[in-house]
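This document opens with one chain alone, in structure tokens, the form predicted on its own.
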Amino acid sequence: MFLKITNLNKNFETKAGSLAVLKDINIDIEQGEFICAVGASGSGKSTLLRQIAGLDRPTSGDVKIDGKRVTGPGPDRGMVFQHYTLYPWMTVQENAEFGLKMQGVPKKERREQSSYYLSVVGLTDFSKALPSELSGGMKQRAAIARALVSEPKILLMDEPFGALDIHTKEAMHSFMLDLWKRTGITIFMITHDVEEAVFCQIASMPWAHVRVQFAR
């Protein structure tokens, strides 16, 4: 399995005692799948994503990607959040290049790589624009390009379209499915929107489907 989660548990200590947010989670995802996890707010979806991203450590259990245990953040995982997290003082191109710059990639190489992924998400003509000059959907596409530029093995998406209006959200659904089919990247997305998950299931079958649902 490409992404393997085994007996994952995550507890948080509160004044009332230990709170179990994730309990005995087991998930197997093949390389190239588009998986959507559905659950109500507070059901542990974002906590699970943080375990995969290496932003938090589990109480017990394992998360492995391509056979390697996740012990912290790494370039093999790209992360896209609900809020765009773009640097407002940087252009779209500079935002896309930022991760590569932090990795010490030479300017020419990171410019070529970022330009390629901006073309993939349809933002070539806006490479010199600031985030404030973009629509909500365009900002999220810029954030996706930034996540893809480092060429991660898996793209993690934390309710990425939750802040968008219904028409933009529908356009982004189609965009993401097209992007997935073009790149073949493994995608693990969480959402509380059942219709969103069903859309991904129907549009991308038989390869991707709603796999897990959390409740407590």
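The model shown is predicted, which means the values in this text are computed figures rather than measured ones. Sequential numbering from 1, following the sequence displayed.
Not on display, but discussed next: the form predicted together with a small molecule.
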Quick check for you: of 41-49, 66-74, 177-185, 163-171, which stretch puts a non-hydrogen atom within 4.5 Å of the small molecule in the predicted complex? 41-49
In the predicted complex, L19 touching the small molecule (heavy atom, 4.5 Å): yes
Taking any heavy atom pair closer than or equal to 4.5 Å as contact, tell me whether E33 reaches the small molecule in the predicted complex. no
Against the small molecule in the predicted complex, would T91 count as a contact residue? Criterion: heavy atoms within 4.5 Å. no
Is the gap between S127 and the small molecule in the predicted complex 4.5 Å or less for some heavy atom pair? no
Is it the case in the predicted complex that T14, Q82 and E159 each bring at least one heavy atom within 4.5 Å of the small molecule? yes
